[in-house]
Structure formats: C-alpha cells, structure tokens
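Just so you know, structure 1 and structure 2 below are the same protein chain in two forms, each on its own as structure tokens.
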Structure 1
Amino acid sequence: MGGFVRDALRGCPPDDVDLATSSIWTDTERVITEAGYPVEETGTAHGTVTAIIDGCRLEITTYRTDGTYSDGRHPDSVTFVSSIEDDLARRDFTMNAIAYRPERGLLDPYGGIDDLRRGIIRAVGEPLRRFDEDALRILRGCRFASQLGFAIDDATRFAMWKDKTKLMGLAPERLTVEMTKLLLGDHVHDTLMTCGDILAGFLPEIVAMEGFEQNSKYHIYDVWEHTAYVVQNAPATPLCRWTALFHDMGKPASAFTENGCRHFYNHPDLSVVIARGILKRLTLPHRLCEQILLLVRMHDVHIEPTDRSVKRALVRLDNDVDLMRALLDVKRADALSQEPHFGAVRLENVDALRKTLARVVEEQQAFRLTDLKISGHDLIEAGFPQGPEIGKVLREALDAVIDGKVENERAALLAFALDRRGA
C-alpha cells in the first residue's frame, strides 16, 4: 500500500514495501517469528513491526486511525481498527492512499489512481486537516511535485500556502531530508517556480529573489527564475543543487542601478552570509556545508583556462579535484541559465577549464604541498630549525612552482628554500 502501490502503478521500482493488516502487532510478530523470520519492533506504539524476509525489510502496521496532533507531527493517540478504508483515510495524498491485495485487487476510495493518471497531487479529505496533523506534508507535497512532475490540486495548494508557517516548527532533520529530495527532483525548476511562496514558510530568504529583475545584458530571467534554472541544470547531487539554490541569494541586497543597468558586485560574499544562516538551521553534514559555502563564494570567480590559474583555484578549493569539478558543474549550470550569447561564451570557458584540469591531474602537476619534491624533513636536514618557518618556506616554494618560477625538482627547491631562509 502507499508508496509501494503508487510506484508500481507508475511502472517504477518501489523503494520499500509497506504492508497493513487487521492483526494487532503482537499477533503479527508472533506469526512471522514462528515462520522463522526475524522481526524488529520498530514502532509498536503505532502498531508497526518490521520483518526481514530474504534480505527485504517489510514494514507491517496494524490498521489504525489517529487522534489529535498536538505537536503537528505525532498523533496524541492511535486507535487500532479493522477497516483498511479507515486506515487509508489518515494518509496524506490520494496517490498514497491506494491499497492492493492479490485476492481483491486495488482499493482506491479517494480517487488516487485517477489523480496518478492526471498527474495531480491532492490531499486526502480536508487539506487543512491533513496539514494540521503533520505540517511536513506541506513540504512533501512540493517534493512529490519535483520528483514526479505532477501539479498540485488548487485546494491542496491553497491549504499548503495558508499553513506554510507551520514548517518553521518542524524538526530541522525532517526539513533537511525533504528539501534535499525536492532539490534532487527531475522537475525542480517548475516546482521552485510554483511553490516558492510555500517554501518561504521556512526559507524566507527566497522572497527577496522572487520577481527581482536583473536588468542586465547578461540575464533574461529574474533572480528567482534564474536560480530555478541553475538548480535544474546542475548535476543532481546535494553539493551542486544546494550550491545552485544559494549562489545568487545575495543579489537583491547587493544590487545597485547605474544607467538603467543593475550591478551585483560582491554578491557571492553576501550569498555566503545568507547561505550560512540557512545551513545553521538545517542538518546537512558539516563538511558538505563548508563545501557548499566555498562553491557559492567562488561560483562567479573568473578562472583562466591555464595551468597556473587552475592550480591556483585548486589551492582555494582545499586542493580537492572533485570539488573543482563540482565548481565547473555549477559554472556550467549558471551559464546555461543566462542570456544565450553571453552564456555560450562562459560555456566555452568551462569546457576549456575542464580540459586544463584534466591535463593538470594527468600530468600530476604540483598544486599541493605533498606534490613538492621536498618535504619538511628535507629542510631540517638542510639546517632549518623545526618551527613555523618550515611551513612558510614550503608554501612559498609551492607558489613558485605553480607560477613556473622554480622547477618541481629537489635540488632546485632546496636552493630556493635556502635562498628564502630568514627572508
């Protein structure tokens, strides 16, 4: 039932298997255990156990109805019932309120199959009641739109918009998971454009971007639609898609108009400030957050397609080749979302940078301290005292190698180091 049936009807392989039964969970556990399969008591307060059969995890829940939701997430009480129809009545959207039993076929009391055919996301019953029960359903509706390319039913969308501020009261972990899934969706551009006013319930920073015209020869979209296209055009990874969402957030605050043309000097720095504030409210991994902020800061930096410039960029990117590739992916997405002629010029630059980066990596050119043909141990043997001067001289040696002033060869580097000693 639920997502399993929905995905099966769409011809998509389901991610998980959810079963429902009239049996109370203790009877379910007993029967499965007696059959020789392990069972985990994963949510017995709500009538749920999980059976592991042939390596597949099957979540099995007793039919139930929910009481009031004081916290907007968990029911204050649940009542176990004998009717699958009563159980389906508590589901979020009609496409998730379809059950299947081999002997009886499909059970679809709320028209979910027709909504699937029409590509409609519609709440089960009264939309406001569904969202009062669990406000995360508001964001889930947007996420389904991004993943499936479905439209949201008007009454459902109005209720999502009306209750959007309830998103602020949800656990950051839940918001982070759902928003990341939304950003990774195949139809994310359309969802950001149609649901931006709903997402503003927990991301108010996007409001300034909506309808903010760029009035520039480099752009044909306002800041929000440009952002939506950049997200869509970026690879579907959390790093690239979150970076794309944040990359121009500082534009409205940095804008000034001169001779009818808007300029956004230093907008990446403001974007970083805004993005950092949002990331503190979410629960993305710390390392991923730092990488996102670094790419936001560097997304508009012009890099010449030369060995020296690419290696300098790598130094700024923590010597991380994969992070450099991600930066180029974001730059490509940005270029594809700009005025076509100007964007084409930027795309040529990105393509040239990719070739240069590949050559730098293939030739094992030096851009990290560990790439140098000397080490701190060599400097100590040459008479340098242990201390911070060794690191300073090694960094200067790396700069000289990157700039082509010194060969990355032990004798030449030692001569350079001795010349720099005490400088």
Structure 2
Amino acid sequence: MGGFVRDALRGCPPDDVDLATSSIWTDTERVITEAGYPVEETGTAHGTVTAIIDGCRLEITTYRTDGTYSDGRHPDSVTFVSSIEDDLARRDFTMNAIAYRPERGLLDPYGGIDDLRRGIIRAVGEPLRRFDEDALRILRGCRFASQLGFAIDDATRFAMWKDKTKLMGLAPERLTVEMTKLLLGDHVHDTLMTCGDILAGFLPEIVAMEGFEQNSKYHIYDVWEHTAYVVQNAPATPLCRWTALFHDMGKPASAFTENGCRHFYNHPDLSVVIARGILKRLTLPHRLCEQILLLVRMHDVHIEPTDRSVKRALVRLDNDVDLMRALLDVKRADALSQEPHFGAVRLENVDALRKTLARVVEEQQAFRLTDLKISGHDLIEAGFPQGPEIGKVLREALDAVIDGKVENERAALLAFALDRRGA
C-alpha cells in the first residue's frame, strides 16, 4: 500500500510495510495471534495493529477514510470503509495511492504509475480540498520533490502555494519530521529554489533571503540560492543540513553597503537569533538545537590550521571532535557554494584543518580538562581550598598547555597551579 508500493515500483527498498484490509482490527489481531505471531495495538483508534513477522514490522490497517484534521495533529474522525478504492481516495498523492493485491496485481485508480514514471507529484482529486483537509500534504509534496527529484504538477503546486499559510497551524512535530526529510533529500537545492515561496508559509524568515543580492567578490549567488547550494553540498545529516539552512539567515539584516559592495559583519550572530526563533517553533531534540546554534555561530570563524587554533576551536565546540568535524563539513559546503576562486582558498583551509584535527586526535593532545595530568583532587592535596578557584586554575592550566607554555606533566602543572594561586 501507499509508500511501500511506490518505493517497490521505483526499485527502492521501502522503509516500512503497510497492509490494508477490509477486516476490523480485532479480527486482524485474532487471525495473526492464532497463526502464532506477536501483535501490537499500535493505533487501534484508527484501525491499525502491527504484526511482527520474522523481525519485520507490518502495519495492518482497516480500509478507512479520514475526517478533517482540525487540530493539525489527528484526524477528527476516521470512518471505516469496505473497499480499497475508498481507502486510496484519502491518500495524498497519486504515486502514494497505488495498492498491490497478491492475487490481482496492482490497483492504480489515479494514474499513479504513470506519474511515477514521468516523475510528477500530483494530488489525488481536487488539490485545494485535499490541502484544506490536511495541510501537512503541502509540505509532504515538497518533501517528495526533494527526495525523488520529481516535478510538482501545476494545479497541485498552485494549491500548495495558495494554502501555504495553513502550514502554520500544523502540529510542530509533524512539520519538524517532514522538513527534516526535505532537507535530507538528494534534490534539496532544486526544491528550496522552486518551493521557497511555499515553505515561507511556516518559515517566513526565508523571504528576506530570496533575491537578496550579496554584491560581493566572494559570492555569485543571492543569499537564498547560496543557502540552497550549501544545504545540498553539506552531508545529509540533520545537524549539517539544518545548520546550512540557517547559517546566513542574518545576512539581509546585517548588510552594510560601502562603495557598492555589501558586507555582512557579525551576520552569524543575527543568524543565531533568527534560527533560535524558528527552532522554538519546532521540536528538534534540545541537544541537536544547541549544536545547530553553535555551528551557525561558528560557521564563519576563521581557524588557522595549527594545533593550537584547532584545540582552541575544540574548546569552543564543547570539546566535541564530531561537532568540529561537522563544522568543517559545513565550512566545506559553504566554500563550495561561493565564488570559485575565493572558495578554493577556503577549501584549502578546510582540508588543512581536517589534517590538523586528525593529528591532534591521533596524538591524544590535551584539549579537555580531563586530559590534564592533574585534577582538582591534586590541587586540594596541594593545599587549595574547595571552591571555584580550583576550576579557574585548571582552566588556566589547560590554556597554558594548549599554548605550549607548560608541559602536560604533573610536576610542571602543579608548579604552574601554585604559581597562579591567588593571582
């Protein structure tokens, strides 16, 4: 059903298997239990149970149609229906409204196979009505365009655009899931360029970026197109792609023009403010949000490829080597999306930083307090009183080690600490 048949027809492994049946869920559950397989009651209010067969989870749902989604979260009601045709009519896009029946083959009442073959995303039935029922379909349409590289049919696209502000009323968790999938898509640059006006229905912050010229020797694209390229060029992880989306959002507000050239001093700080506002409206995990904001803030900081600068950057990045690798990935994507001559210089810097980082890690050089060869305990033994001074002196000792002024060695560190005491 639905996504499973779509993915199978495209020759891709589906990520979930959905079955539809005319039997009510209690009967389905009984039959599967009698056959000796475990069943979970995963969504019985809308007719779904999940059977676990040879480790594979099969979602089995009674044929149904959905009512409206007035809270943007759950259908207000579901009505169980007796035919698969009626069930397919509630599906969002033609390519998702194809059923496979083991004995009779494919059932494709809306021309989904043809649309799949031609690479077209088309609403089932009357687009505006379908988006009024559930506005998430608008974002799902953009998400499929990004994942599959398909074009959106004109009438469907017009309705998406017309109904776009309904996206604001949706449950934040639904928006978050779909937008993350959109950002991870293989064709995300094209989708951001063609669907920016639609996404503005819940991300109005992007409008200021669209068409905002950079008038700078470092750039050949406006802020939005540059952003679309950086997202595309960044690795497909939520951390890198969300960071890429946000990294230059502060540019329009920070722009300053001098002799016809635009400068964007401190734009990352404004990007952070805007990104924080967007993240508050969504439901990405708290830790991920903090990491995204940290990378947005750091994306334009120049780091020399020396051991010392890399370790200093690591301290600013929560001592997190993976976070530093992600920062370098974003910097690389940023450089690839700039004027090629300047971009090449920045790419060289990123490559050198990668090598330095690898060496710092390989040689187990000290950049965390826990890497120091003395601890707070040692300082207490040496006569320091319990209290904040211990942490302060240890941080100073770490700085001195990073700067190469003190050996990371017990006696030298103790001498340094005693010297700093009360300073």
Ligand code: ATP
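Here, rigid core means the biggest group of C-alpha atoms that superpose within 1.5 Å across both forms. In this text the structure is predicted, and so the values were computed from the model without any measurement. For numbering, take structure 1's sequence and count from 1.
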Check: Where is the form predicted on its own shown, in structure 1 or in structure 2?
Finding: 1
Item checked: Core-aligned C-alpha movement of residue 369 between structure 1 and structure 2 reaching 2 Å -> no
Item checked: C-alpha of residue 396 off by 2 Å or more between structure 1 and structure 2 on rigid core -> no
Notebook entry, point to check: Given a two-rigid-part description of the chain, what is the rotation angle of the smaller part between structure 1 and structure 2, in degrees?
Noted result: 6
Next item on the list: Superpose the two forms on the rigid core, then give the C-alpha shift of residue 23 between structure 1 and structure 2 in Å.
Entry: 2.7
